[in-house]
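One chain follows as structure tokens, the form predicted on its own.
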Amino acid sequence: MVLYLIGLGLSSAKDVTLKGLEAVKKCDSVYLEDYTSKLNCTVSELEKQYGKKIILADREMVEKKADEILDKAKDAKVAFLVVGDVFSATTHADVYMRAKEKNIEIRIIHNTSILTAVGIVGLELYKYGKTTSMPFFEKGFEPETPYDVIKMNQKNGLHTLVLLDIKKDLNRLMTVNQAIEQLLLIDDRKKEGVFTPDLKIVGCARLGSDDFLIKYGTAKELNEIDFGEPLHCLVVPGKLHFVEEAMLGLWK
């Protein structure tokens, strides 16, 4: 009958929009995409807020068994809940396209995402360059792409948002400190001076929540700070306007 793709925002069960909440309440089945991000609340809190039983959709279900969700939407009202905004990850665009192929009616209900919430740092959003992600290093897997993206953006005077790895199945959520250490390792290996201990950066935690934390300082200074509970991200400023400099001063 209809598939609702609903953004939940970044923090609590109450961050869903009124429009999104109304849609969830009238759905027959409610799925929560459960691997690309994380809310700072439990599934039971969501169920209490929505008055609905929530089915967790892990990576395998969304990427390999999405037809189970989509086929239900042919004859019923189905909600697919996404932390942040609906199209924060390409996975959700794939769900959208597959629903289109099946001629299922789709309704999109947007919400805030890290790509907009990072505006609180004070750097102009239209001056961000390519966003990059920092994965956990493993034996034989130490990708330098985040470093190269920062280098490219710096060359163009642009800011860089670095999203940090999430491995929910292993309960591993990367911290600002871990990201700094990995970027410093890459710099030590490449010796290009792109990400050094003296580079001024911004560390963020729990953006979108009431207890968010933002700190601005050198990589060495930030690496000594405990940013607390996830989710975390890094911002590497590019060329600064005087208003941006003043805003960053709030977070020193």
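Computed from a predicted model, the values in this text were never measured in an experiment. Don't overthink the numbering: it's just position in the shown sequence, from 1.
The same protein also exists as the form predicted together with another copy of the chain; that form is not shown, yet it is the one meant from here on.
Single option in 240, 16, 23, 235 placed near another copy of the chain in the predicted bound form, where near means a heavy atom within 4.5 Å: By the 4.5 Å criterion, the partner-contacting residue is 16.
Contacting member of 182, 160, 113, 175, with respect to another copy of the chain in the predicted bound form [4.5 Å, heavy atom]: Of the listed residues, the single hit is 113.
Run the contact test on 43, 46 and 147 with a 4.5 Å heavy atom cut-off to another copy of the chain in the predicted bound form and return yes or no. No, the whole trio is out of contact, none within 4.5 Å by any heavy atom.
Would you mind picking out the stretch of 136-144, 149-157, 73-81, 167-175 that comes within 4.5 angstroms of another copy of the chain in the predicted bound form, counting non-hydrogen atoms? Comparing against another copy of the chain in the predicted bound form, the contact stretch is 149-157.
Residue contact check: residue 117 to another copy of the chain in the predicted bound form, 4.5 Å heavy atom: The answer is yes: residue 117 has a heavy atom within 4.5 Å of another copy of the chain.
Residue 208 within 4.5 Å of another copy of the chain in the predicted bound form, heavy atoms: The answer is yes: residue 208 has a heavy atom within 4.5 Å of another copy of the chain.
Contact flag, residue 247 vs another copy of the chain in the predicted bound form, heavy atom cut 4.5 Å: Contact check for residue 247: yes, within 4.5 Å of another copy of the chain in the predicted bound form.
Contact label in the predicted bound form: residue 107 to another copy of the chain, heavy atom within 4.5 Å: Residue 107: contacts another copy of the chain in the predicted bound form.
So which bits of 50-85 sit within 4.5 Å of another copy of the chain in the predicted bound form, heavy atoms only? Residue within 4.5 Å: 85 only.
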